[in-house]
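The data below hold one chain only, encoded as structure tokens and taken in the form predicted alone.
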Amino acid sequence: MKNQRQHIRKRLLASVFVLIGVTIVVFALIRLGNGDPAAMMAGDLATPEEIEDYRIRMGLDKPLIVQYFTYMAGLFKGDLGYSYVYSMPVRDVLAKRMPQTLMLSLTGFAWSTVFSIVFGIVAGTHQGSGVDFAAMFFAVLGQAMSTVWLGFLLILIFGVKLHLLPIQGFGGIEHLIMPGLCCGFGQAASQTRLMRSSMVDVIHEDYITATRARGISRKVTNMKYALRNAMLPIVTNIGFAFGKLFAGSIVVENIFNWPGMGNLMVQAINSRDYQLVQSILLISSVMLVFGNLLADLLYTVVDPRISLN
């Protein structure tokens, strides 16, 4: 238990440095881009004096190092800055969009995780069968298929041709089906392949053969002894998956016009909303770091023999 607490503290400290590095990179890259946010906010007919007034109000008249430390000081106080495009604090803008992105990410995460584990286990324990062939075909197809192509294919089939599902917007559960399926499809494919391969490797281990030789049924051996060790690489992948899906929702949200943070991100980039872009990227990075930390901790739950030192 003591080692676990020390390990958590080390990981949290490392995560803090990673996130600080992310803020530096994002801050620099945004400001290296073309376009003057003050001029865009002031409008095409603005005078130089009006543009300069906006520059002062947005803090863009100060040296970059001062701008960065001002931004960081606000972060430590829980202040994500002010969006001059939406005329409200960034925190309030994100509060309206984050629930939709979380809903989409959780949907994609839930179905891809359950589907891939079950499908992978069945395929791995029935090597060479039709189910195994179907699992491998799905894994190859899912990893080769573009998210954009899949999104438009779903819209064409279920929205345009069959008129079964709405193709855009946010509403009832029917609006979530196609975006959720599209969001988790690639992850489901990669995890199915990983789960299947892991299960095949484990059931050919000597201790599994010895267990079967003691008269224990194949089903009990696979579920009680093989599955625990086969889940180790899956746990690592699952922990990273949610953060990856959360950060990668930009494409899916824009295909289906889903009013989440991915859709907001594109709007913020187009309008040169520095504070909003920085905050969205920071939140996405936090989710990725948290996913890695969670996977690291779950690893020890699945297999307590793993050292935390």
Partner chain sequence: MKKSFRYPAALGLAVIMAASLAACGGGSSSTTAAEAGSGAPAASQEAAAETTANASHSESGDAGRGISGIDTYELGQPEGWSEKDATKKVVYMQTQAISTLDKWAVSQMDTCFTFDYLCFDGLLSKDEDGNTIPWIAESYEMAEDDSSISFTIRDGIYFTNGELLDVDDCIFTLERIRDDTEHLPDSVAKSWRNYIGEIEKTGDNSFKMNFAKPMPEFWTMINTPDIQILPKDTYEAMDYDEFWAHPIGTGPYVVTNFDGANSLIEMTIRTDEHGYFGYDLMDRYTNVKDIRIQRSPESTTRVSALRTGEADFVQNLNYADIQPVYNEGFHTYQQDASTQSYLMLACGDGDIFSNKALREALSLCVDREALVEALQMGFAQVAYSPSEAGDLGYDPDGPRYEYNVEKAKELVKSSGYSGEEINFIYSTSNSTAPESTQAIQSMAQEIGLNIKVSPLEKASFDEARSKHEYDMLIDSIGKSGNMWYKIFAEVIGDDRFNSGCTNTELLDLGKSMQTIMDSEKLDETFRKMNEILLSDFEPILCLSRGTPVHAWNSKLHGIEYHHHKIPDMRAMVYED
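Numbering follows the first chain given and starts at 1. Fair warning: this is a prediction, and the values are worked out from it, not measured in the lab.
Beyond what is shown, the protein has a form predicted in complex with the partner chain; the following relates to that form.
Output flag, 42, 159 and 269 jointly within 4.5 Å of the partner chain in the model of the complex, heavy atom basis: Answer is yes for this spot.
Which of these stretches, 89 to 97, 216 to 224, 229 to 237, 108 to 116, has heavy atoms within 4.5 Å of the partner chain in the model of the complex? Heavy-atom contact with the partner occurs in 89 to 97.
Answer yes if any heavy atom of residue 189 is within 4.5 Å of a heavy atom of the partner chain in the model of the complex; otherwise answer no. No, residue 189 stays farther than 4.5 Å from the partner chain in the model of the complex.
Tell me, yes or no, whether residue 62 is in contact with the partner chain in the model of the complex, where a contact means a heavy atom of each within 4.5 Å. Residue 62 lies outside the contact set for the partner chain.
Answer with yes or no whether residue 207 is in contact with the partner chain in the model of the complex, where contact means some heavy atom within 4.5 Å. No, no contact at 4.5 Å.
Verify the contact flag for residue 72: yes if a non-hydrogen atom of it lies within 4.5 Å of a non-hydrogen atom of the partner chain in the model of the complex, no if not. Close contact is absent here: in the model of the complex, residue 72 is far from the partner chain, nothing within 4.5 Å, heavy atoms only.
Quick one: which residues from 113 to 130 get a non-hydrogen atom within 4.5 Å of the partner chain in the model of the complex? Heavy-atom contacts to the partner chain in the model of the complex: 128, 129, 130.
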